[in-house]
Every structure is written in structure tokens, then in C-alpha cells.
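Below you will find one chain, with nothing else, as C-alpha cells; this is the form predicted alone, and questions on how it binds or moves follow later.
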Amino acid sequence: MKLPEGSKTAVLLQKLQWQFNSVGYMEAAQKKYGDFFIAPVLESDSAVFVSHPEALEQILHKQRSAVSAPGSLNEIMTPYHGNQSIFVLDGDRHQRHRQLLMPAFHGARMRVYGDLIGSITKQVIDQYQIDQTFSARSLTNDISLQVILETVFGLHKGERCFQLKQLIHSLFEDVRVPFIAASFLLPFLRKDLGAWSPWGYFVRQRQKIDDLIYQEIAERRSQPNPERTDVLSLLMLAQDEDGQSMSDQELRDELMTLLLAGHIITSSTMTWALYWIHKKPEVLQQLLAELDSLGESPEPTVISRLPYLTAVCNESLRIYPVEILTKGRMIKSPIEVMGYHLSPGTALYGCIYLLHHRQDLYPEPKQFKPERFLERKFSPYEFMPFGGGARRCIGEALAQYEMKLVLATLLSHYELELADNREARPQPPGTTFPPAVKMRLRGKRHSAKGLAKTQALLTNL
């Protein structure tokens, strides 16, 4: 049996390389060490990254009795989401939060959110001027943030909504400041030296958001309204098997978790999708033909089932997945996986990015080819953009739904184009991979059916 190997470079240097070039770090390690390699870049300095689908199936399913999923391996973002987040809770507490959260992201709730997502998308882009050049990431950021504020917080307008929007935007931009970004991996850098220090500024911005969230929770508790459909209202009404509801702290931490996953990460994925769609005219034309076939005002659920739109979204998620790693797993008892000996205490992370770029699964993996997902069905251990197992992303359904409806609304009602032909690349630091893409709004679009109807009316005049 073999033991995983890894780079002998100093751990601190590997952590910095991970922070500022995670793709390069992973690809270089896989090229040298294969599908199993030691990567001391997260909480555990002996963590092993795994990128073979058979190995992932064994770890997450077939041998899961020998593997645990401790929340302590996912603490890197606790400065954002706190210690009561589903990301870091263990055992029964994790299961309790998952059961309380799940109903808000499935079934009838998705249909409630559908029209709202389309309306928000139009409101945001209608603020742009014809022929205006803009950052695609700014557009998707504005849309995803407003979607979160309305669907999760239930805030549509007012001073608190405005303040939260400004503060959240600022806070999530802070993580891209090199010093603050490095502080998430290197806790000794988290020094609050006053409001003008990087970490001190971050802490104060976070506190302002917390104050507004707790004010909103207090008002909702004093004026309960069972008719509201936003996630916060549903969570406040939800009770576990013992009849217990979430505390204010638990609500706050889960709201911040949903903000992190539902705003920044979803925005990045939509930005990449817009880039690829407009980079490849044949993709855009096929998408428009599919969307036009639905008629003037299709139901959101019908849009979400379109095969080519789904394939485009899946291919965007394949190249730059929502999560580049699964949540951490810990070996509890000795196991063998594909000839590798893994001893108790070893931390494991499924490397989703490398899995999605395997030549044997996805020929020409760097190329954007939506037809892959029309020609073949991939297993949950071959395509897993939202992670897998007990810690699979709980907001997966809403994220996919939002992505499809935002893209469908933009493409059906507006003509966009890339402002230049430069190749988009992931922008460091971090692991959400937002590209720097400039686009231009050419005007509003009329579907092929709409144009034909107009021409027929003119002919009869």
C-alpha cells in the first residue's frame, strides 16, 4: 500500500500559493503526485486532496462508516458566518440545522421565488444605459445580492435594506484585499489594531451588519407574520423534533452562511456563464432558439427544465464549480482507497476542480462544451459542483434555479455583447474565481416570434 505524497515546500509558502493561485497549485500537485496528494493549505497541515471519482465514491458512500465529517475542518470562514453555521456544526446539531433549513429551499418555495428572481433581474439591468460598458461581475453581484435580500431576508426596500446592501457589498469585497484574504488562512494575522487596520476595519463592518440583522430579527419576533415566505421568516417559525426554534445567534450565523454561498459564489458562476455564452456565438444562438420556443411569458419552472439551458449552466459549474473542494472528512479507522493507505486522523478533501478537469471524464476539459451534458449522464462522483455527502450545499436548488432564471431573463429580453475579445481568467485572491469581464448593453431584444408577429401586423396595414 502507498501513502500520499506532497510538496516539501514550506507550509506557509504553500498556504500563500493556495490563496493567490489555487488553480495553479492544484494542477501542479496533481501533475506531480496524481489523484492523491498532501496539501497543507487549510485547517489541517496533513490534509489529503483526492480527485478520482472511484475514490470519492468510496470515501463519501461505500466506506463512510470509517469517515466522519467534522465541522472543525470547515472553520476557515468562521470570521464571516460564525460558530453556529451549518458549515461548522457537528453530529446532531448539524442534522438539526439541516432539517430546519431544508424546507425553505425546495418544492413550492422555489415557485414562489421564481417570478421574484426574474423581476429583480430586469430591475437591475434596466438601470444600465444603452451602449454602456459595464463589469459583468458588478451586474451579477447586484442581481444575486438583491435576490438574497428579498428571498432570504425578506427585505425589498427601506433604509435597513439599503444599509445592508451597502455593507454586505463592502464586506464581501474586503475578502479580496490581500492582507484580509491571507488572514482567513493565517489566524495570527487577525489583529484588530483599530478602525484603520485591515482586520479592524473588517471586524467593524461585520459588526454593523450584525446590528442590522439582529434589529430585523427582533422586529420579526415582536410582529410575527405567518404569511411571509422569505427564508428568515420560515426559519423563525421552524421547530425541531423537541419543539425548539433557532436562537438569534443561530439565525444570524445561518443568514451569513446563505449570504456567502448565495451571493458571492452564485454571482461568480453567473459571470462565467455570461462570458462563455457570448464568447461562443453558436451557444448563444442555440440558447435563444430554445428560449424563444417557450413563447412570450413562460413559467419559471418550465424555464428551469430546459435541457440546453441546463447543459450551459452545468458546463459553467464544471469548469469553475461553486465549491472547488468538498467539505472536509476525517478518517476514523484505517482504510485503503485505490491502493492508498489512509490512517486515522487524516483529513480528506475531494478536489472538485481537478475532478471536473479530468481528461478521461471530460475530453478537452478547458473547453466550454455544453453538449457534454446532453450526450452523457454523469454520476454524483463525476460531477459534483455543490459538494457531496452529508455536507452537500443545502442551497443547491435555489442556486441552480436562480442561475437559470437570471440567464434566461437577460438573454430573452436584452442584447448583450462582450466589450472586448480578451480571454477571461480567474481573479485572485480566493477560491470563488470571479473573472474580470467587460460587457456592453446593446438594447432590448424582441424574440423571433415577437418580430414575426410585428411584421405580420405591418404587412396587413
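As the structure is a prediction and not an experimental result, all values here were calculated from the model. In case it trips you up, residue 1 is the first one in the sequence shown, and so on.
Note that the form predicted together with a small molecule isn't included here; everything after this is about it.
Shown alone here, residue 405 lies farther than 4.5 Å from the small molecule in the predicted complex, counting heavy atoms only.
At the 4.5 Å threshold, heavy atoms of residue 392 reach the small molecule in the predicted complex. At a distance threshold of 4.5 angstroms between non-hydrogen atoms, residue 399 is in contact with the small molecule in the predicted complex. Although the partner is absent here, residue 98 sits close enough that one of its heavy atoms falls within 4.5 Å of the small molecule in the predicted complex.
The candidate stretches are 363-371, 281-289, 257-265, 113-121, and the one lying within 4.5 Å of the small molecule in the predicted complex by heavy atoms is 257-265.
Comment: the small molecule is not present in this chain, but in the predicted complex one of 94, 357, 109, 332 has a heavy atom within 4.5 Å of it, namely 94. Checking 387, 198, 79, 300 against the small molecule in the predicted complex, a heavy atom within 4.5 Å turns up for just one residue: 387.
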